[in-house]
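Shown here is one chain on its own, the form predicted on its own, set out as structure tokens.
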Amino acid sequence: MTLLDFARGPAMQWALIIFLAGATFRLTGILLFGRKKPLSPARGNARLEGYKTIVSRFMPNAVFHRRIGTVHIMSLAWHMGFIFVVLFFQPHIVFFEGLLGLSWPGVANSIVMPVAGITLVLLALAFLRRINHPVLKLLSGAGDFATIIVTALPLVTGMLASAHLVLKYETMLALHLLSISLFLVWVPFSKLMHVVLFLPSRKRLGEKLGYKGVKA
């Protein structure tokens, strides 16, 4: 079995199993906490505020916009860039079609590669900011830095594989697939789990504050 065969087969299969099992375990644990029945009367529309909060939290509150607005926009940009590359790079679409039986139009490499490059630069800036910011440096642990590296590796290896740089194509493609497997395994055990939790957690926060009549 070659490295590429291993990356395409057992490594990816086990990564998907671990991702699904880990995500299910964490979601189940959260659901088992349950919700305490409110003792006070409702002062607002909890359901409506829940959905509003999902949308409103994509931008910082106006009170904080001057201080963190630029950082927030950069963070939003690299998230969107990462998702764009994952969903619209044509080889990725072929992978999803084989895995899920779903397909959609892709985007030319001349667009995807610059987006991947910009996304990688923004990730590098986020990494440097954590190292140099006096407060973030104190709040960040090894897991935070590892998460940025694990997120960046598929971009780096994918761009190198597409450009046929550093190593021969088959080897670099295998490393790209292994980096994706590492990303999938890392998600349930790190802050990357927010890719699964951020929508329901925002909705829950909005519902809780909305019930109390507090602006989310």
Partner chain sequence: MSDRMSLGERLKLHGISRRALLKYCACTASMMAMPPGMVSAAAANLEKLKRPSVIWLSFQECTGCTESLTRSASPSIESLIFDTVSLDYHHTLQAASGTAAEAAREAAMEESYGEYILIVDGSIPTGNPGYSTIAGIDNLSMLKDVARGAAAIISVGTCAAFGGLPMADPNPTGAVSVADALPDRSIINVPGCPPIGDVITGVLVQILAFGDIPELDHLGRPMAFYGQNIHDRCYRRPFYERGLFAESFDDEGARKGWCLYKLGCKGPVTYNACAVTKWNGGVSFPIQAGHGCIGCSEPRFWDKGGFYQPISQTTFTDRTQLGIAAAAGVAAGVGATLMARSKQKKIRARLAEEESS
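Just so it is clear, the structure is predicted and the values come from calculations on it, not from any experiment. Positions refer to the first chain, counted from 1.
There is another form of the same protein, the form predicted together with its partner chain; it is not shown, and what comes next is about it.
The partner is not drawn, yet in the model of the complex one stretch among 38-46, 145-153, 186-194, 169-177 has residues with heavy atoms inside 4.5 Å of its partner chain: 169-177. At a distance threshold of 4.5 angstroms between non-hydrogen atoms, L4 is in contact with its partner chain in the model of the complex.
Contact annotation for G98: at least one heavy atom lies within 4.5 Å of its partner chain in the model of the complex.
By the criterion of a heavy atom within 4.5 Å, N132 is excluded from the residues contacting its partner chain in the model of the complex.
Using a 4.5 angstroms limit between non-hydrogen atoms, L199 is distant from its partner chain in the model of the complex. Residues are counted as partner-facing when one of their heavy atoms sits within 4.5 Å of its partner chain in the model of the complex; in 1-17 these are T2, L4, D5, R8, G9, M12, Q13, L16, I17, in sequence order.
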